[in-house]
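Have a look below at one chain only, the form predicted on its own, in structure tokens format.
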């Protein structure tokens, strides 16, 4: 899989994160020659370190991952399950409650560590000789023309191809090299993620607690363990990161009103600056953005990976369709169809999520009243609740 035998490919992908690898896997059986360019060494891809991030997966994402043989690579012991979800506002005991029994499913979703997903996506490509993963190098320049494209790597090698894909994070350097602008919303906050063990069972319940100037998400992992996602100002984040383990344990238990009893840190604390990104366009001549390079979401609604996987799958379907009909896989019509579908799906989610974050981090009295009213409205009106639940559990691949 990692041996490089030529400098001519059908597709070159910049970035071997989950989106890039999933896109490669979606086309691995197409017969196309694919190169994935990654700055990390191969041993990191094969055994990614824990980065603290745990991914809440929708039913749609689970289906795609099963279709791509990624799900089969994930140990069952690593899969957490979400059957219930509660949204809490400030110090109010009232919550908006979602229950899998209100759906036709046995659960609302699964939760899996990001490093486990990354390893599974890498392992799912292991049997494909037409996919080369070129490690410890980067794309330094991109040249796209009407008839062909090429990328230059940091080792001065030039790869020729039909289509270039950027999947190299929300701060994509490849996107910038192509002159594609992106709107960036810096929330001025930091997300601190970690895993904790707790005294009481979570009963497969995910919690999103909005405490005005900060938010706390507690997501159920296997056993009496949970993923902790704490969002707070950059200034206050340093204080939390400097806490010794025991103080941190008590602090999180207190923030969570001791619902799970005593809590104990079982991993490192990982900070991530919170910046949402939306590219002005997803495609240009023989070039496309997928994953966070196209849309980098705020984590509050857990749509980031799910949306990226959906977009990668949508583009792969369009490429396959063109291939089936003997058409250029990087034609303007192929790429523009992908862009239209993914923008139509992602734009409302991006705008709606950012509006939700602004509302629930606003400490003014009118915002507090509106937040509480929204929770009551969600519980009182089943159609409203169903719309919200569909957004939480389903991100479908866009259709025509």
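Because the structure is predicted, anything quoted here is derived from the model rather than measured. Numbering follows the first chain given and starts at 1.
Separately, the form predicted in complex with a small molecule exists; it is not shown, and the next lines address it.
*Asks:* Report whether all of 73, 124 and 338 sit within 4.5 Å of the small molecule in the predicted complex, measuring from non-hydrogen atoms.
*Replies:* Judged in the predicted complex, none of 73, 124 and 338 sits within 4.5 Å of the small molecule.
*Asks:* Could you confirm whether residue 193 comes within 4.5 Å of the small molecule in the predicted complex, counting heavy atoms only?
*Replies:* Yes.
*Asks:* So, residue 56 and the small molecule: in the predicted complex, are they within 4.5 Å at any heavy atom pair?
*Replies:* Within the cut-off, so yes.
*Asks:* Decide whether residue 306 counts as a contact residue for the small molecule in the predicted complex under a heavy atom distance cut-off of 4.5 Å.
*Replies:* Flag for residue 306 set to yes.
*Asks:* Though only this chain appears here, would residue 139 touch the small molecule in the predicted complex if you measure heavy atom gaps against 4.5 Å?
*Replies:* Residue-level check for residue 139: yes, a contact with the small molecule.
*Asks:* Residues in which of 23-31, 46-54, 342-350, 63-71 have heavy atoms within 4.5 Å of the small molecule in the predicted complex?
*Replies:* This holds for exactly one stretch, 46-54.
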